[in-house]
Every structure is written in structure tokens, then in C-alpha cells.
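Given as C-alpha cells, the chain that follows is alone and in the form predicted alone.
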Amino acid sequence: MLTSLQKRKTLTVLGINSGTSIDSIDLAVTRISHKPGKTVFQFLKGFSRKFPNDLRQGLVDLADNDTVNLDRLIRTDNALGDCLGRAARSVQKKMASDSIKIDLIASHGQTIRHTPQPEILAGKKRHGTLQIGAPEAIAAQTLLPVAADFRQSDIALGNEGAPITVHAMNVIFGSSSEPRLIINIGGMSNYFFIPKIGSSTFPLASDCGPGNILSDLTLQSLEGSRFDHGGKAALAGHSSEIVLHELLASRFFSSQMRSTGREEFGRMMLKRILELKKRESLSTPDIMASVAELTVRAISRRVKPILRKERSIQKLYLTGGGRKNNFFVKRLRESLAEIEIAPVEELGLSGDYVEAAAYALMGEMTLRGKASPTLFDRKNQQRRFPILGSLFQPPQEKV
């Protein structure tokens, strides 16, 4: 099966992603073709599926706790793989009814732990990252090969395992007419600077800090709501500079780390936020405004140096669930008044499915054995590029 797929110039690939917020399963059906010297990417359709409540809570518990029950981790890995497989199977059937046959699946899985701050182990600095979601179970459900486990090859080269979608984003959004700056506001926020095609400028990417996650966790803790719909709670308050000063003292903002996660901006920071709310006698809207403003400041800190250097950038495109948060959009427009801010939909791809689409492209590269650069700036040029991902084959009929 793999050999026959590798010989084909065009494949239909289903990308699957579940982000740091653990709020839904996003699935992107894509078509990827190869012409001389060029990869042609086409987004066909996107789908979202909800987690079963008990599975979602189990994933949150694993991601938010320092100590993990290994038996529970193993069973949750298998349960998530089965859930992702059923979601993929439903999309497979839906696309078949439209006469579209999926050839390959690419699944990022769910990040349970991400440790970009290195520690010495066995005499060497070690980064680490862990995603679960048994790709073997997805292959068993769909009877298709699955590309997965994308981050470990980057870790093996001594990198953080993130960001790894830079090359894919470059292929999907690269333009011969303009450079592009894309901000993804998911659980975490991150940016992608994509130079104009043909430019000698390097692409750039990094996490900025928290995205939706702290707003979600804070409102869940205070009012039981899953998330701040449209940013209404934050818009009703006034941010506290005292709170912001203390939250911006997080080690991520003063470090050289390119990536972060719930370990830095999750339950531990929520505890600090609730302490500050009580100490400063802040209302719920005021603490929500302060937490949301942290996301805006984190993004602005990373983006402004790029805008000063790359003056030909005309627009900043927002993707991820945070593009629907009116507080984020309003404050980003005020903070980054020198640039127009627009939804990524203007570039022809729904902001709900950008990451899933990027993994689809990466999965196709895994199948073909194509390496991806993961470090782009001049200080960190790579000598060896990782082939991101491993392939998992479906079961076969008895021979």
C-alpha cells in the first residue's frame, strides 16, 4: 500500500489535530499534488468533532498534573486513538459519499507534556514532549496508513520539538506577491512570519505565550463556563497593571525558549491568578480583562520587532479560536495600530482547520520521506533536517 501511494503525484490526506485547549477534534481534508519544483496544496473540507466528556476530562487531568498514573496514561492513549479513529472514519464515509477517497491520515495526537526547558540527564541536556492518541487504532478503524508522532525527530536533533509546522505553513500560505504574518491564537498563541516567495529572508516562528487557555481556565474556575464567548467577560472589565506585571514575570517571557504549554500557562498560573484576584480585590470582569490582556501583550512583544524589521508586511492574519474573541481583536488592533488585522479566511482556509491542514501536509511529507527544516533563523541554521513523523500501517486480511 505504501509503495503504491508513494508513486502517485496527487494524494488526498486527512489531517487531525487536537490543540492545547483540548476542546475539540479538528479534521481537515486536503489534496496535495506535486508539479516540477512545486507542491500544490488544496483545502477541501473541514470537520470538528467533540470529545466524549469522560475522555476529555481524562486528557485534561493528565495534561495538568505533575504526577501521572501510568496505567491511566496507557489506557487513555488507546481510548483517544479509538476516538480519533472513529472521527476519521466518519469523515472518510462523508467524503466517500461525495466521491472523494482519502488515501492517508496524519494525526498529531494530544500533547500531554511539553518540556522545552532542558534538564541534564545521562550527562546531556534533554528536551521532551509527549503526544498520545494511538495511531495504530486510527489505522485499524480506517484501514489506511497513518502518519503520526511528528515531534520526536526534532527532539532527537536537540531541538524543542516545536514549532514544527513552519515549513508546512510556508507551503500553504506562501505568496509571490507579499510576505505574510500569521498569528494563531489557540490554547497557546504563536506566530509565523512567511517571507515573499523568492525572498532571501528566513521564515520565523515561535510561541508567544498563552492564547485562550488562561481565559478559559479562569472563567471555568470562577463561573463554571467553558470559555469566554466572544470575549464578553473580558470586555466588561478593566485590566490591572499590577496583575499584568506579575504575570509577565513568567520565566517564558525572559527565556530563549521557542515553545511553551500548559506546564507554564495552565493550572499553576491559574492558581497565581486567583491569588492576585483576591489580593487586589478584583471583580471577575477585571481579572478576565487582565488575563486576556496578558495574551495580547505576549503577542505584541513577539510581533513588534518583526514589524519594525519587515516593513513590507501589510496585514496580520488571525487564525485559531482566539480570532473570535472580540477582546483579543480589539486590543491587538490598538496595540498593533501600524498594521491591518484580518481573519485568515481571507487567504482561503478556515481558521478552525489551519493546524489540521498543516499536519496533513506534514503527513504527506512523512510518506514520501521528505525532510522539513525546523529552525530557520541565521543563528540556528540546521546541518541536518528531520523527517518528521512515523508511519503506522493498517491491519491486513489473513494471508
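From 1 onward, residues are counted along the sequence shown. Here the structure is a predicted model, which is why all the values come from computation and not from measurement.
The following text describes the form predicted in complex with a small molecule, which does not appear among the structures shown.
S.K.: Counting non-hydrogen atoms within 4.5 angstroms of the small molecule in the model of the complex, say which of Val296, Ile164, Ile185, Met288 makes the cut.
M.R.: Of the candidates Val296, Ile164, Ile185, Met288, Ile185 is the one lying within 4.5 Å of the small molecule in the model of the complex.
S.K.: Name the residue from Phe252, Phe227, Tyr191, Tyr317 that puts a heavy atom within 4.5 Å of the small molecule in the model of the complex.
M.R.: Going through each option in turn, the one that passes is Phe227.
S.K.: Heavy atoms within 4.5 Å of the small molecule in the model of the complex: which of the stretches 197 to 205, 219 to 227, 165 to 173, 237 to 245 has them?
M.R.: One stretch meets the cut-off, namely 219 to 227.
S.K.: Look up in the model of the complex whether Arg301 has a non-hydrogen atom within 4.5 angstroms of the small molecule, and give yes or no.
M.R.: Arg301: no contact with the small molecule in the model of the complex.
S.K.: Closest heavy atom of Gly19 to the small molecule in the model of the complex, within 4.5 Å or not?
M.R.: Yes, Gly19 sits close enough to the small molecule in the model of the complex that at least one of its heavy atoms falls within 4.5 Å.
S.K.: Mark Gly261 yes when one of its heavy atoms lies within 4.5 Å of a heavy atom of the small molecule in the model of the complex, and no otherwise.
M.R.: No - in the model of the complex, heavy atoms of Gly261 and the small molecule never come within 4.5 Å of each other.
S.K.: Report whether the minimum heavy atom distance between Gly109 and the small molecule in the model of the complex is within 4.5 Å.
M.R.: No, Gly109 sits far enough from the small molecule in the model of the complex that none of its heavy atoms falls within 4.5 Å.
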